[in-house]
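Just the one chain here, laid out as structure tokens, in the form predicted on its own.
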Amino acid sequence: MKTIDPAQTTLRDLSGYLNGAIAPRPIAFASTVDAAGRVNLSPFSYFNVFGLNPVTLVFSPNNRARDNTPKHTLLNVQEVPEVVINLLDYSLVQQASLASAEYPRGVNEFVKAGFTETPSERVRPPRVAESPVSFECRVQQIIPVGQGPGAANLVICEVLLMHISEKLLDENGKIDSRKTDWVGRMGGEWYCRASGNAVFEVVRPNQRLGIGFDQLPEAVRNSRILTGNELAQLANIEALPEQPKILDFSRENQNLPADADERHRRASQFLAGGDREKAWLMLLA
């Protein structure tokens, strides 16, 4: 392992390590206005949701690393404590990158990057009409963390109103992750795209607890074939299949391989297809 001491590392190198390791990061495409009503639009990947009651989003327009000057977004929310946090999908990422250019204060990045302003209902900054999801927010608090170049400024926002494109919703009016095409920020100039085969489900433990790794049969727990992820899927079952089911599976599949590794490979295939029960039956038959 390479060990990094932040106190002994340049800001440039620290940024590379942190942004490359803590990734992907969602992107807050923040629209703000200054006291004169001039609009600013800029993306920030130091961003996430932090609470539900009230709905709380936090992003950080850090001080510029090269000269310790504040970002225009920070100056704006200090003057007008309101912001719209728009989310980015793949269709908008190149325009958002253009909006990140350091134009002089007062230049409207909506115009520079080709986005459409649409009026907000509860706050003064406009929304990005092209964004699939937007949050109208009141800035509750700005917390400076440090004072030098690269220092964070945590902008804590309470969501007053959410806008969600109908194109993202399923028949129950909920967001369907299979319909989204989000982008995430990586290190350097890299991004990633969360859509298609890159989006997958992980069944969370519910109130009926899974048996856990410690209750896996030793031959399964010490498998040379099954990965930690696959063992976790197996360990998330409430109870092992009962003997009658195992016998039925054996009768229906009379040519089961005798080799343990081959059985584990087939169990892995069942897990890949989302059939945990058949994976267990293959292991126990």
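Keep in mind it's a predicted model, so treat the numbers as computed, not measured. We number the residues from 1 along the sequence you see. Think of the rigid core as the biggest set of C-alphas that the two forms share within 1.5 Å after superposition.
Omitted here: the form predicted together with another copy of the chain. The next part is about that form.
*Asks:* How about G37 - does it come within 4.5 Å of another copy of the chain in the predicted complex, if we only consider non-hydrogen atoms?
*Replies:* Because no heavy atom of G37 falls inside 4.5 Å of another copy of the chain in the predicted complex, the answer is no.
*Asks:* Is S223 close enough to another copy of the chain in the predicted complex to count, meaning some heavy atom within 4.5 Å?
*Replies:* Answer no; every heavy atom of S223 is more than 4.5 Å from another copy of the chain in the predicted complex.
*Asks:* According to a 4.5 angstroms non-hydrogen atom cut-off, is R138 in contact with another copy of the chain in the predicted complex?
*Replies:* Heavy-atom contact with another copy of the chain at 4.5 Å: absent for R138.
*Asks:* Indicate whether another copy of the chain has at least one heavy atom within 4.5 Å of a heavy atom of P244 in the predicted complex.
*Replies:* Contact with another copy of the chain, no.
*Asks:* Taking only heavy atoms into account, state which residues of 89-106 are within 4.5 Å of another copy of the chain in the predicted complex, ordered by sequence.
*Replies:* The stretch touches the partner through Y90, S91, L92, V93, Q94, Q95, S97, L98, S100, A101, E102, Y103, P104.
*Asks:* By the 2 angstroms cut-off, has the C-alpha of G274 moved between the shown form and the other one once the rigid core is superposed?
*Replies:* Yes; that C-alpha moves by at least 2 Å between the shown form and the other one.
*Asks:* Please check if A239 moves between the shown form and the other one, taking a CA shift of 2 Å or more relative to the superposed core as movement.
*Replies:* Result for A239: yes, a 2 Å-plus shift.
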